[in-house]
Structures are given as structure tokens and as C-alpha cells.
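Just one chain is shown here, as C-alpha cells, and it is the form predicted on its own.
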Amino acid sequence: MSTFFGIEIGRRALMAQQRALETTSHNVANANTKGYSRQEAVLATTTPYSYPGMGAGQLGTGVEVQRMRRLRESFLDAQFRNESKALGRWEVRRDTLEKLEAILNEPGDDGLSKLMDRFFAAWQELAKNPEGEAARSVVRQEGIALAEAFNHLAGQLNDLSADLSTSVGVRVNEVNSLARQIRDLNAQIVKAESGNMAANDLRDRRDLLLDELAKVVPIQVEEDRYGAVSIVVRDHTLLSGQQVSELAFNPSTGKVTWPDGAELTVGEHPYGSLEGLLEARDSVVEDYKAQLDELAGYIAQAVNAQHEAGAGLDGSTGVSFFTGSAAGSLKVSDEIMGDLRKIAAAQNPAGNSPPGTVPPPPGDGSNALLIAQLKNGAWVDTDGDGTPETNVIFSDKYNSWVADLGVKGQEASRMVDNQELLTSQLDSRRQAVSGVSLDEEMTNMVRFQQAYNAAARVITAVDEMLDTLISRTGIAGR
């Protein structure tokens, strides 16, 4: 050990405290940076020096920064991402159900429920005055309004489905982009840490991307010994090493596929916004479209059956009031649109064969009354065998699935609130570990600053000792 080793110890102390102070400055500078994890300079003693034969044991040689530690807990990250995937799904489901509620607009004066009431009420009025042209015109106009309402709802549901499909494509691109960014960060982290340099900031950026990805698709993350992470989505590997298996979206079919051709399907429990969108498009919206088509078909079937059994003012029979059997194709028939007299308000009189041979008696609105009474229940063919076997009350059927929509919407909103609270709590716990506390950093700053000053004083003291040794030794006694 040389005479000047005391200065070397002081130098090491200066460098270590300066590095620690710089780390504190880095923490303070990133106190509001999203995804940043607090860092800490881990100080450790340098290798001690053994003094052979002196009996004093090992002598300390100073301090060094052993490593730069990133304060983060991977268990909390895994919990946060696990809850984020549920939040992503429920947010999509809530938004979709809210849009469906807005489309149906119930209860409202222009809702389908009111239009059905007005349609059957028009038949009730026609039964009182079956020869009245005004009453017949009202029946036709209310029929047009009801058919157009079904058409409009069907169109809006188709538009919603198309919007969801577009969003699926956007999410697929987002997944691929995030995977590519994580792959690039993997390479930078491996390269930096292979040179024994802690890539703390790069790891923060990668963790932030993993958080974003977890909200889109359910992921399983595993880190290898070199610092690179691999990502598995369901039963497929999204990222392994430098290989990204990008998802593909086909706009014409709406399907999302892996590079091997396998389709990304919604499992029993969808997770993430991408699977939430697929569920909303292929299950939620399609289910309500089917129910709307079914209701439109039942109304057309019941009204037509009764209308065809009756007779118009001109004695015509067998005329359908509606054409089309689905919500999107329902409309008032051309015969009714062309001639109000063909509205069959009366029962078919005896001997009216061929149709038109015997006109109905004046004042007969019995068939219109029967059609009006369909509001309270109509026998329809629900299994397609051509025989009506089920009594359906249209308003009850419609109101039941509107109520079901409301219940599901409330459930989705409640689940979003619960998941937001849960993820917020988990993020708070993460911040308690990795977040920057300015109070703590200010304390550390003073602590390292004072240590730095003390190290400088050590160098000054050693310098004075050496000055005494070099400049004054041998002067005494001259």
C-alpha cells in the first residue's frame, strides 16, 4: 500500500457519492415519467487489503458503486397485467351495450315499443270505421313507420358491427406494433446487460409496453437469463427471441389469424380488448340482430296470416300486409301501397271465390279488430315447420330483451368500476415500491452531498499530512 493510498480512498468515495447523487437527480427528474421505476446506487466496500505480518487484519480500501438497482416487484406487475386484461374486455362490453341502448332508444316516443303500439292502435281505429279512407291511410302509414323502424334498427346494428370489426383491425395492428417494439427493446437490453450494464430505463420502457399489451390480449410473460422476454397469447407464441408471430386481420371475413393459419377465437372467458371486440361483434351484437329479425318475422307472419284471411273493400283476399321476414327487409307490400282498398279490415264473406266476387258487407271491421288483438298475443311458427305452435306477445318479447340489455349494461358498468378500482389499487402498490418519493429523494440528496463533502475533507487532510511529511521532515534541528 503506497503512501498516497489515502488519497485514492478519498477519490473512490468522491466518485461513489457523486454517482449516488446523480442517481438521485435522475429519480427526481423522472418523478412524473409514466412507467419509470425508482433507481438506487448500491454502495459496497471495495476489496480489502491484507497487511501481512502486521496483525491488524485486512485494511479497508474504500467504496464503490456495486450496481444500479431498479426498485420494482415483478409479482405486482403480473397481478396488474392479469387484472388489466379483464378491464380491457369489460370496457369494450360496456361501451358496446351503451351503444345498443342508444340505438334502441327505449323508453322513448320514437322507440320500437311505441311504434308497435301505434300500429295496432291504428287497426283498432280502423275496426270502428272500416270504410274510412283516413283510417286506412293511418294503418298504412303506421305500418310504413314500423317497417322503417325495423329497417333503421337493423342498419344501425350492421353499422355497429362494422365499427367493431374496424376496431378489431386497429387492435390487431396495435398488438403487432407493441410486439415489435418489445422485440427491439429485448435486443437493446440483452446487448447492454451482456456488457455488465444495468438497462434499467430500457426495462421500464419494456414493462410499460407489456402493461399496454396486457390490456389488449391476455399474455404470459417469461424472461430468459439474458434479459429478453417471450410472450405467449393463449396457445400461441407472440414473441420469442427476435421472432414476432404477427396477427393478421382479414377485413372481408372479419377473422384474426396467426401466421400458421389458426384463428384467434374467443374462449369461454374472453380477456383483453381484442377478444372483447370479437365477443361484442360476433356474439353480443349478433344476438340482438337475431332477436330483432325474429321479432320482425313474427309480426309479419302473424299480421299477414290474419290479413290474408280477411277481405278488402274490393273483395280482394290473400293479400299480404308486409313483405320480408327480417328486420332489414320488412316493408309494407306493394299491393297495400298501391291501393288502400286492399287493406283487409273485413272478414272474407261467404261465396267470395274467386276473390272479388262478393264484397264484404258495409261496416265489417271484424278482421281489423282481430289484427289489433294480435298485440295481446299471436300464434306463430317458431320452429319453421309451417304450423304456428307458440303464442307470442310482441311487446312483452321486445320489452324483455330491452330489459335484458339494461341488466347486462349495468353489469358491465359495475364490472368496469370494480376492475378500475382493482387495477388502481394494484398500481398504487406498484408505485409504493417503484414510484419516486420526492421527500425521500431530497433526504438522499442531502445525505450524499454531505458524504461527498466529507470525502473531500479526507483528501484535504491526507494532503496536509503528506505536506508535513514531504516539506517539513528533516527541517527540525537544522
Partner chain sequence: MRITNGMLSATFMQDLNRNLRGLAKYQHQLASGKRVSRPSDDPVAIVKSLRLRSDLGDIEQFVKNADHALSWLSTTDIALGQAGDILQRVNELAVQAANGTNPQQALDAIREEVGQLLEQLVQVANTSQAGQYIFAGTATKAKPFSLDPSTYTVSYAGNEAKRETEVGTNITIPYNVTGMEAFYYDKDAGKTIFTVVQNLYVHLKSGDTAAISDQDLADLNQAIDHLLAVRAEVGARVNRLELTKSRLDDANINFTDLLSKAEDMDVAQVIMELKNQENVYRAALATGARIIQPTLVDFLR
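Every value quoted in this text rests on a predicted model; they were computed, and no experiment measured them. Positions refer to the first chain, counted from 1.
Form predicted together with the partner chain: not shown, discussed below.
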query	finding
Single option in Asn151, Gln306, Gln124, Thr323 placed near the partner chain in the model of the complex, where near means a heavy atom within 4.5 Å	Gln124
Contact residue in the model of the complex, from Ser240, Asn129, Gln79, Asn176 (heavy atom within 4.5 Å of the partner chain)	Asn129
Partner-facing stretch of 158 to 166, 327 to 335, 369 to 377, 136 to 144, counted where any non-hydrogen atom is within 4.5 angstroms of the partner chain in the model of the complex	369 to 377
Candidate spot Glu8, Gly227 and Ala456, all three touching the partner chain in the model of the complex (heavy atom, 4.5 Å)	no
Asp396: touches the partner chain in the model of the complex, heavy atom cutoff 4.5 angstroms	yes
Residue contact check: Met445 to the partner chain in the model of the complex, 4.5 Å heavy atom	yes
Contact flag, Gln431 vs the partner chain in the model of the complex, heavy atom cut 4.5 Å	yes
Contact flag, Asp109 vs the partner chain in the model of the complex, heavy atom cut 4.5 Å	yes
Residues in 435 to 469 close to the partner chain in the model of the complex, defined by a heavy atom within 4.5 Å, in order	Gly435, Val436, Ser437, Leu438, Asp439, Glu440, Met442, Thr443, Met445, Val446
